[in-house]
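What follows is one chain in structure tokens, specifically the form predicted on its own.
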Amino acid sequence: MKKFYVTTPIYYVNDKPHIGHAYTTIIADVFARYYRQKIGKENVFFLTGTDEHGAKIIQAAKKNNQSPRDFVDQVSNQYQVAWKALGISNDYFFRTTNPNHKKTVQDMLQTLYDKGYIYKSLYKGIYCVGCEKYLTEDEIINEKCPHHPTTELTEQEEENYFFKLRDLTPKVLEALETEKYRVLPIEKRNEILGKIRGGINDISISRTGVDWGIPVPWDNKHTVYVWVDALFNYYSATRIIPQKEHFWPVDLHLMAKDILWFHALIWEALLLALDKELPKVIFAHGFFSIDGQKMSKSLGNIIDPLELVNSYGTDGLRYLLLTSFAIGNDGDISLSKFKEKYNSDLANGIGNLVSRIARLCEQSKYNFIPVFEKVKFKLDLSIEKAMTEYRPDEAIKIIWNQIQKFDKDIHNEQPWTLSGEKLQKILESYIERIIPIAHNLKPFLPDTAEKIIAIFGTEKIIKPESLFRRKNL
């Protein structure tokens, strides 16, 4: 593998970032950091950003007594501040209000129009403002959108431009069946296949009466449907950012399962119509509840990730989110048990292990720099396998098993009872063991990994302050 291009969705800026956005972005960051270690920093491109057009933005801006431009600037900045606090190492933060993106989208749509893939027609259907899309009958439950149950659905009729999705569906189906691109987990692939085989209609790709958007190039009475505008960000980023062209196609699209349909069918159809290479893997993680309850503004459990960073630190929160449940499945994040897990896994786990070894080294008064210099880092094969299978949660579990075994070995070997050459040799073996663990930990807990390497990379090792201070339960 010579390059790795990973993306999050570009998050819709009708509201500030929450813990769900943080979860997706942390996973993407883990993959970006992992592949930088594996193939080199210059060969990895990590893209995230914000989706800033559409009717929902106009509504949110009015509610806040702001212009759409001022509103999206403010909320987009909140995302950038949050990602910095979470240690997110994105190479670029993309905004769909970027004028160069506008030109790319218009050029792509003009090409589709010239090739005969776009036509004008009258559309009538049930529309969800929350999703910014028309819903099919099977997507409506009890006369509500399942994703926005408090939002009233409206019946709309307007003249739109349509994309010939139905004509392209056989090509998309063939590409998915022959794994020219992959949808993961396998259950999600089967869902997409079933839906495609059930029959697909053409889709509207423009709106009238929505001024906050990209104008359709051949008819400025229409603006580009916000989802089409957003999907093109992954491609336009490689065209408007210098020296990123060679990163296309995307190696890994990461997202929550509610937007998989756009990424696993519509996006591929647009690319096939444009004769562009398809992304390689689309991975949809599950939804999670908070302490057994669905995240909801009405319940007051929409969690600001910055609040959790203040409580547990950047690496503490990264660990707690990554290990809460299996990636790809629905799960529950138990905030009520975060302190307990923080204490057991971090303060008493990796934190205590590092303190024990460093204290023994300090008390021994030996010089250890030759040991550090001969330690050669190599990615753990079991961790490499887990990451290749898109299971960063399993990879970090492997590391924690190594930490727990290490702790038990120290307890059994009782180095504090040794002295002289025997003590020196066993402490040298501990350094040779802890440094590779730290290197393998870098994608997951980057600050902690660097601290461990710094502690054991000096001639005179001194016991540091606790990496993770215990929390009062």
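Worth saying up front: this structure is predicted, and the values here are computed from it rather than measured. All residue numbers are counted from 1 along the displayed sequence.
Below, we turn to the form predicted in complex with a small molecule, even though it does not appear here.
Trainee: Indicate whether D258 is a 4.5 Å heavy atom neighbour of the small molecule in the predicted bound form.
Mentor: Contact with the small molecule, yes.
Trainee: Counting only non-hydrogen atoms and a 4.5 angstroms cut-off, does D51 reach the small molecule in the predicted bound form?
Mentor: D51 belongs to the contact set for the small molecule.
Trainee: Please determine whether F456 contacts the small molecule in the predicted bound form, using a 4.5 Å cut-off between heavy atoms.
Mentor: No - in the predicted bound form, heavy atoms of F456 and the small molecule never come within 4.5 Å of each other.
Trainee: Quick one: does A230 come within 4.5 Å of the small molecule in the predicted bound form, counting heavy atoms only?
Mentor: Result yes; A230 sits at the interface with the small molecule in the predicted bound form.
Trainee: Hey, with the small molecule in the predicted bound form, do Y319, G328 and K397 all fall inside the 4.5 Å heavy atom range?
Mentor: Contact check failed for every one of Y319, G328 and K397.
Trainee: With the small molecule left out of view, which of F377, W218, F93, F287 would have a heavy atom within 4.5 Å of it in the predicted bound form?
Mentor: Exactly one residue meets the criterion: F287.
Trainee: Pick from Y161, Y113, F247, Y234: which residue has any heavy atom within 4.5 angstroms of the small molecule in the predicted bound form?
Mentor: None of the others qualify; the residue that does is Y234.
Trainee: The chain here is shown without the small molecule. Which stretch in 358-366, 384-392, 193-201, 288-296 comes within 4.5 angstroms of it in the predicted bound form, by heavy atom distance?
Mentor: Only one stretch qualifies here: 288-296.
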